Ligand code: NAD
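Quick setup: one chain, the form predicted alone, written in C-alpha cells, and binding and motion questions come after.
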C-alpha cells in the first residue's frame, strides 16, 4: 500500500463503518469465522515464511503463533453474544425514580494495529480478533523486518476481506510514520517503549486512545528453596524460546548464593539437552531477525563470564544459548532489554537486595519467582510490581485467556486476550433510561427549602 493512498483508503473505511454494518453481531461472527478459515488455508504458507524469515520450527510457530490465534478466534466466536449483551447495573431509585441503567459496548470506529517482528503473526492477528469482535474497522501494519511473513499475511487478508473493512499497509518505517499522522479512533501498538512514546505523542494530537504493549527487563528469581531441576527446565525453555526474542522472556536472573553453582550447572545441561552439543545445527533454535541485531547481541558477550554458549555468526544470524555469570548491575547488558538468547546472572543472599534492585528500575512486563515457600511468594508479589507474573514458571501466564495481558508504567498500558480484548476495543457507554410517568421536581429551580431533601436522596 502506497503512502499516497492512505487517506483515500481510510476515508473508504470510515464510510463503511458508518453504514453500521460492523455493529451487527451476526456480521462480526461471520467475519471471525472467515478469519479462522483464512488462517487454516494459509497455515502451510505461514510455516514456510517463518522458516525463511526466522528459521523457526513448525512446532514453535504453532505453539506461539498460529495455535494461540486459532484458540483466541474460537473463544470470541463462542462468547461474543454474551460479551456484547448490554449489562444491567444498579440504580439509585430514590434519586432516579423509575429508571434502568445499562452499560453498552460499542466499537470505537477505525482502529490502527501496529505489530512487531518477534511474533509477527500472533501480535498482529490476536489484536485484530478483538477489534473485529468489538465491531471496528481495522488498518493493519506489520513489521518490515519479517517481510516474507508480512507478505503472506497481506495475501491472506486481501483474499478474504474487503479493504473497506480491513486494510493492510505493508511497507517500511516511512509508512508507519505516515500512518501515525492520520486520525484514528484507537491505536494498538506492540513494540519497544521508545517507539511507544512516539506512538503516544502522535495519538495525543487527536486525543486518540492508545493501547501500548511494550517490554522491559523482566526479572527471574531463583531462591534457596526452589526446585532447581524444574526451575532449570522452565527457565531454559522460556529464555531460549524464539531465541530469546520474546517481550516477556526472563531478561536476567537473580539466583541465591547457596544454590547458584548447582543451578547454573543444571541450566547448562538443559541447553545441551534442548539444542545438542552444536546448537547451530539444531532445527529447534530460532535465528535472530537481522544481522544488525545479531551484532548488537554479540557486543554483550564481553561482559561477565561465559558459563555456556557464547558463539556468534553474524551472517547466519546465529547466537548460541548463552549464560553469563558474574554480571554487575552497572554493566551495559543490564541497561536495556536484551531480546536475545543471552541470560545474565547475578547472585543474592537476602531477598531485600533483589527488591531494591527491581524497584529502582522501570516496572517490567513480567516477573518470575521460584520458591516452594508460599509466604515468600506472597512477599515477592507484595513488594514488587509488574505487568504479570508467574510463580514457579515463566511466560505461561500469557497463554491463559481468562486473565488480562498487558504492562504497567514503562512496560505499557491497556490489557487484552479473551474477553479483555473485546472490552479493550469497545467503548463502554453508560445509558440510563427513565420513565416519563413521574417527574420528581426536587432537582429543578427554585432550590429554596430543597437541600434537606437532596441530602437525603444522595445518602
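Since the model is a prediction, treat every value here as computed from it, not as a measurement. Numbering follows the first chain given and starts at 1.
There is another form of the same protein, the form predicted in complex with the ligand; it is not shown, and what comes next is about it.
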property: The ligand: the contacting residue among 312, 301, 198, 230 in the model of the complex [heavy atom, 4.5 Å]; result: 198
property: Selected contact from 117, 254, 168, 108, since only one has a non-hydrogen atom within 4.5 angstroms of the ligand in the model of the complex; result: 117
property: In the model of the complex, segment of 137 to 145, 70 to 78, 319 to 327, 377 to 385 with a heavy atom within 4.5 Å of the ligand; result: 137 to 145
property: Residue contact check: residue 214 to the ligand in the model of the complex, 4.5 Å heavy atom; result: yes
property: Residue 162 within 4.5 Å of the ligand in the model of the complex, heavy atoms; result: no
property: The ligand contact in the model of the complex: residue 192, any heavy atom under 4.5 Å; result: yes
property: Residue 339 within 4.5 Å of the ligand in the model of the complex, heavy atoms; result: yes
property: All of 37, 39 and 403 within 4.5 Å of the ligand in the model of the complex, heavy atom check; result: no
property: Residues in 161 to 180 with any heavy atom within 4.5 Å of the ligand in the model of the complex; result: 173, 176, 177, 180
